[in-house]
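First, one chain by itself: the form predicted on its own, in C-alpha cells.
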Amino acid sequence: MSKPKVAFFDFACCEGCQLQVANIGEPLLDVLDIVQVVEFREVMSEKWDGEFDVAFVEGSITDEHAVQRVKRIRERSKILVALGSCATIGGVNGMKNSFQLEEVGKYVYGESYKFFPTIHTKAVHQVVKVDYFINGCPIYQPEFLTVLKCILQGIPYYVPEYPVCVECKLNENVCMYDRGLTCMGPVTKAGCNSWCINNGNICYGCRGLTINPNTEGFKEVLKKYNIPEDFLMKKIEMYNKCKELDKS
C-alpha cells in the first residue's frame, strides 16, 4: 500500500506554522514513516503534479490570484487542512478589513498601489471547503500531530469549544488579570494547553473565539479590573476581524 501523499502550501502568512512542523523533531521521523511529503516549499524543492491525499494550507487569502490558486489546490486534494490562524480565522492580516482597500493600498505601495490589486482578507474556509482546522499563531505542535493522526484514521477532530482559561486552571497558572495584565483567555477557544500563559506570556486570542463566548462574564472581568471594553474589543480584532465576513 502506498503512503498518503501530503503537501504544504502557503499564502499570506509568515510561514511560521510550517516552520513549527519542520521543527517538531523526533516525532516528525515517525510521521515520515507513514506519509509521503511530495511538496513543502520550506524544506524541499520538489514539486508534485498529481493529486494530494492531504493538503495543508497556511495563510489567508488576500487577492484574486490567491482565490484561484487555493481553488486549484482544493480540486487536487482529497482532504484540505487550514493550518494556523491566518488560514483558520484570517489572522493578523484581517486587520486590513478595518480600512478601505484603496487606503490600505496607498499606505503600503504609494501611488503604485494599482499594480497590486487586493481584496478583503479571508480565511481559507471563506473561499473553499476545509475539512480540518489547526488553530494557533503559531500552531501547537502536539495538536498538529493529533490532527494528522485523526486524518490518517479517517475520524474527525473536534477543536475544544471551552476557553483557554480552563486549560490555564488545569495547569495551575496564576491568572494574568491578577498579575495586572490583560488576556484573551476567557473568550478564546482552547486546544493549545495554554502554552503562552505557561511560559509567562498572555493569550492574544490567536486560536479564535469560542462558538458561544461568555462575553457577559468577560465584561464582568474587565469591570472588576477597571479595563475599558473598547481596549479589549480592539484586541479581539487583531486576529478575529475576518469573522465578520461569516455574518455577511
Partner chain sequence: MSQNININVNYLTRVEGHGNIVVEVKDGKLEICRLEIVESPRFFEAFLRGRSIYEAPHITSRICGICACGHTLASIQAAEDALGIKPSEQTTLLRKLLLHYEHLDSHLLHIYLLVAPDLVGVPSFVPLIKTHPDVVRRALKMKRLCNELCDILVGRHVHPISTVVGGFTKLPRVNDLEEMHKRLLELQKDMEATVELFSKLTFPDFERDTEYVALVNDGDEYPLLYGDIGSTDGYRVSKYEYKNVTNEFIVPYATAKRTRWHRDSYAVGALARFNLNHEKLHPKAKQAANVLNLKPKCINPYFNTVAQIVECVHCVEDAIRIVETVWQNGINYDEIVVPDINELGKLPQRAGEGVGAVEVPRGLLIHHYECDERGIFRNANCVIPTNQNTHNIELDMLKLVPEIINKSQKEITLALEMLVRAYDPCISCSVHMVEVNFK
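Numbering follows the first chain given and starts at 1. Not measured: the values here are computed from a predicted model.
If you look for the form predicted in complex with the partner chain, you will not find it shown, but the lines that follow are about it.
Asks: For residue 160, is any heavy atom within 4.5 Å of the partner chain in the predicted complex, or not?
Replies: It does not: once the partner chain is placed as it appears in the predicted complex, residue 160 has no heavy atom within 4.5 Å of it.
Asks: Does the partner chain get within 4.5 angstroms of any non-hydrogen atom of residue 77 in the predicted complex?
Replies: Close contact is absent here: in the predicted complex, residue 77 is far from the partner chain, nothing within 4.5 Å, heavy atoms only.
Asks: Is it the case that residue 147, even though its partner is missing from this view, gets within 4.5 Å of the partner chain in the predicted complex, heavy atoms only?
Replies: No.
Asks: Although the partner chain is absent from this view, report whether residue 195 comes within 4.5 Å of it in the predicted complex, heavy atoms only.
Replies: It does: once the partner chain is placed as it appears in the predicted complex, residue 195 has a heavy atom within 4.5 Å of it.
Asks: Heavy atoms within 4.5 Å of the partner chain in the predicted complex: which stretch in 97 to 105, 167 to 175, 124 to 132, 151 to 159 meets that?
Replies: In short, 97 to 105.
Asks: In the predicted complex, does every one of 19, 182 and 238 come within 4.5 Å of the partner chain, counting any heavy atom?
Replies: Yes: 19, 182 and 238 each sit within 4.5 Å of the partner chain in the predicted complex.
Asks: Do any residues of 201 to 218 have a non-hydrogen atom within 4.5 angstroms of the partner chain in the predicted complex? If so, which ones, in sequence order?
Replies: Contacting residues: 201, 202, 204.
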